[in-house]
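To begin, one chain is listed below as structure tokens, in the form predicted alone.
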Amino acid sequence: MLREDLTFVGTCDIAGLVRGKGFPSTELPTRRKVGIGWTHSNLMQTCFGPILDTPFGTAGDLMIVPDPSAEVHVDFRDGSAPEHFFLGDICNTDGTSWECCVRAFLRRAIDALNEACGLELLAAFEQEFVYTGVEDVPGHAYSLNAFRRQGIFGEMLIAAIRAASIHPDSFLAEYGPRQYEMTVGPDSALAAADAAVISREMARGAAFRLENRVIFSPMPVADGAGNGVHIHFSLHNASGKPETSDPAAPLGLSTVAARFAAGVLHHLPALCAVTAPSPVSYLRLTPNRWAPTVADLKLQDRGAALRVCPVFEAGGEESRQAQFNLEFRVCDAAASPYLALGALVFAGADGVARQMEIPETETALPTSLNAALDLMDASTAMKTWFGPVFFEAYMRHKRSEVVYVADLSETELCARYAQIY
């Protein structure tokens, strides 16, 4: 069979989907500099495909330039084409960063944190999904039987994640029907977001080769369990020393970590428009679903918006400090990891810069995407973080999505998003 190796370059866009273009791999040396052609309104593609609204029209040219640190080349050794792709930056034709590039948004957040306190953030993503290659057997949450019945999918997924130069941490059968979870090890913020995108695509790639699907939709079915994306994070100084924990302080948080958490809680109702960015996201953020409904910080409570995670004391104080982290739980896979993590870091950096304190009262989270977008639209801070062009584009993208599915029942809504994610 006559074949030629192809390479794909893409970006994980507002809709949380990787889009881009492929080309013959022999052209890679040139493409490393000029990337692939793109246009402004490509940013406005909804998760359903159509561009429903755009501030950019049909004019303009951009390029997605591959980042050598975000290259994936995974051969599943089954005769199928290897997964060979780069994640890249959206740039203007002169090579400067485009103001609406999602990776540039996260970089600006990283810079804001460094300016606020001189620290960097390490992060790791937990991602839940439904695997269609198993039968739903009730009563087997977290069980060896559910782990066994996924067959070789888990082995393929972990091998693919490792082959993509990402450190796999765990793979488990989760609480919901046919639900599984994968986690990867912590890394610096941009690399962690890259890893979240790549591991998600490796799950899709492994399932595809087994003629099945993975479904990352926040609510695959209206009366079922939700799929969350949980972001673990900790703060470190320039030499890599952890700066998140103070065992003598409330909840064990250092002063800077408490201020970071306070900033997240302060901005969280508006942040939902970015971290829970689909109409179906708000079917998950309801009582009795092990999902947050208020902006709160709790010690080892999986219903909290921000959870102080447990540490295991057996390794001693140095190990305890290295383990100590917070978990952000108001996120799902409809969000681009770059935007979700970037918004989280911007909010935390604002809390540090303004020396915020943990609020004494808990604010309710919005109960719909429209309500979240209203809060985002009223947020001066978020307008500053995005910049005027990106802010308008994001708002118009999400408002148009809300209108597009407004007439669907909850059952129909879940079915539509399950087809996409």
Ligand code: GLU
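Computed from a predicted structure; not experimentally measured. All residue numbers are counted from 1 along the displayed sequence.
Below: the form predicted in complex with the named molecule, not depicted.
* Asked: Can you pick the stretch from 156-164, 117-125, 222-230, 99-107 whose heavy atoms fall within 4.5 Å of the named molecule in the model of the complex?
  -> Comparing against the named molecule in the model of the complex, the contact stretch is 222-230.
* Decide whether K298 counts as a contact residue for the named molecule in the model of the complex under a heavy atom distance cut-off of 4.5 Å. => Heavy-atom contact with the named molecule at 4.5 Å: absent for K298.
* To do: Report yes if any heavy atom of R329 sits within 4.5 Å of a heavy atom of the named molecule in the model of the complex; otherwise report no.
  => Contact with the named molecule, yes.
* Heavy atoms within 4.5 Å of the named molecule in the model of the complex: does H266 have any? -> Judged by the heavy-atom cut-off of 4.5 Å, H266 is well away from the named molecule in the model of the complex.
* Although the named molecule is absent from this view, report whether E83 comes within 4.5 Å of it in the model of the complex, heavy atoms only. => So E83 does not count as contacting the named molecule.
* So which of Q179, S234, S278, T275 gets a non-hydrogen atom within 4.5 Å of the named molecule in the model of the complex? -> Exactly one residue meets the criterion: Q179.
* State the residue from R149, R289, R320, R213 whose non-hydrogen atoms include one within 4.5 Å of the named molecule in the model of the complex. => Looking at R149, R289, R320, R213 one by one, just R289 meets the 4.5 Å heavy-atom criterion.
* Full three-residue contact with the named molecule in the model of the complex, heavy atom 4.5 Å, for E174, R284 and R302 -> Yes, because E174, R284 and R302 each have a heavy atom that approaches the named molecule to within 4.5 Å in the model of the complex.
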